[in-house]
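Let's start with one chain on its own, the form predicted on its own, as structure tokens.
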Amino acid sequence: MNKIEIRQVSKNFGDTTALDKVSVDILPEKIYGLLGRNGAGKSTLLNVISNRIFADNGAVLVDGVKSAENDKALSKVYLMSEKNYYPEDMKVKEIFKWTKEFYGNFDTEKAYQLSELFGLNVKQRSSKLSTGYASIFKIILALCLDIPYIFLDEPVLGLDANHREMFYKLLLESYAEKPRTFVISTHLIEEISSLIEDVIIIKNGKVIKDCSSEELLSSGYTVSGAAEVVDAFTKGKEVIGADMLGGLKSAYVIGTADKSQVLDGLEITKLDMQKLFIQLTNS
């Protein structure tokens, strides 16, 4: 089966463990959210997958082939990251040309159309772009590639709300037109929660969740009401966190709510992905 297999991958930087025996599969034609706090290991994992850095142990296989220094395997993978790897004097339109040379399946016509839509000057040198337009430039590259696996590391960095909304819309349109795997690593969890089908959460270099969004959100519930009533209801239950506002309390509970036991004055609602992420990754 076509997929990316990450097997027991570890990576250390001096005394810091960035990845600790990470094993996970990235399946074809899905939109993933790769979530984790700063320093959790997200970018390191993406750089190992794309062969920009080497793992200390373990292996990455792309469609059954080890990706390390393998051009055929790596041609199926694109990583958009914050760092600019292009020559400083190279213009955007020249990078479009060379991207097509390397990948082949690059839609140059669409790249120019999206550049016009976003207001990107293709005659500008990539090194001179603002933070927002540097993100837009790399987003356009990603959306115009017809390859199986596209990784987006903080893709909306520096984008205003209007441009972020445009990106999410274009991503879904691109996915519907040519289904392929997108992996989005971002801190704006609330904004992407409706886009992603599957979630991988990393904490301290380890994968703590690898499941569908639906499974993650159905793993528990939120109970809200007067603090003393919430405490009485949640006694003996697995509470992963809570918020207080005056005398009102919201508790985040793992498990299934027994509606017959719900006390008067309490409200049971679904877990919010961002709230759940915060509670799961708390120290």
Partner chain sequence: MKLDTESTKPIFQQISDEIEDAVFTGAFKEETQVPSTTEISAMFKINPATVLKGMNQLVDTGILYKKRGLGMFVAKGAAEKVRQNRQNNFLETYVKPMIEEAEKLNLSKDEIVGLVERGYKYE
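Fair warning: this is a prediction, and the values are worked out from it, not measured in the lab. Numbering follows the first chain given and starts at 1.
FYI, the form predicted in complex with the partner chain isn't displayed, but the following is about it.
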- Considering Y168, W98, Y86, Y112, which brings a non-hydrogen atom within 4.5 Å of the partner chain in the model of the complex? Y168
- Ok, T16, T269, S23, Q261: which has a heavy atom sitting within 4.5 Å of the partner chain in the model of the complex? T269
- Please state whether all three residues E173, S194 and E197 have a non-hydrogen atom within 4.5 angstroms of the partner chain in the model of the complex. yes
- Note on the structure: Of the candidate stretches 86-94, 175-183, 143-151, 115-123, the one with residues having heavy atoms within 4.5 Å of the partner chain in the model of the complex is 175-183
- Message: If we define contact as a non-hydrogen atom of the residue within 4.5 angstroms of the partner, is I31 a contact of the partner chain in the model of the complex?
- Response: yes
- E69: touches the partner chain in the model of the complex, heavy atom cutoff 4.5 angstroms: no
- Task: Report yes if any heavy atom of E228 sits within 4.5 Å of a heavy atom of the partner chain in the model of the complex; otherwise report no.
- Result: no
- Do E214 and the partner chain share at least one heavy atom pair within 4.5 Å in the model of the complex? yes
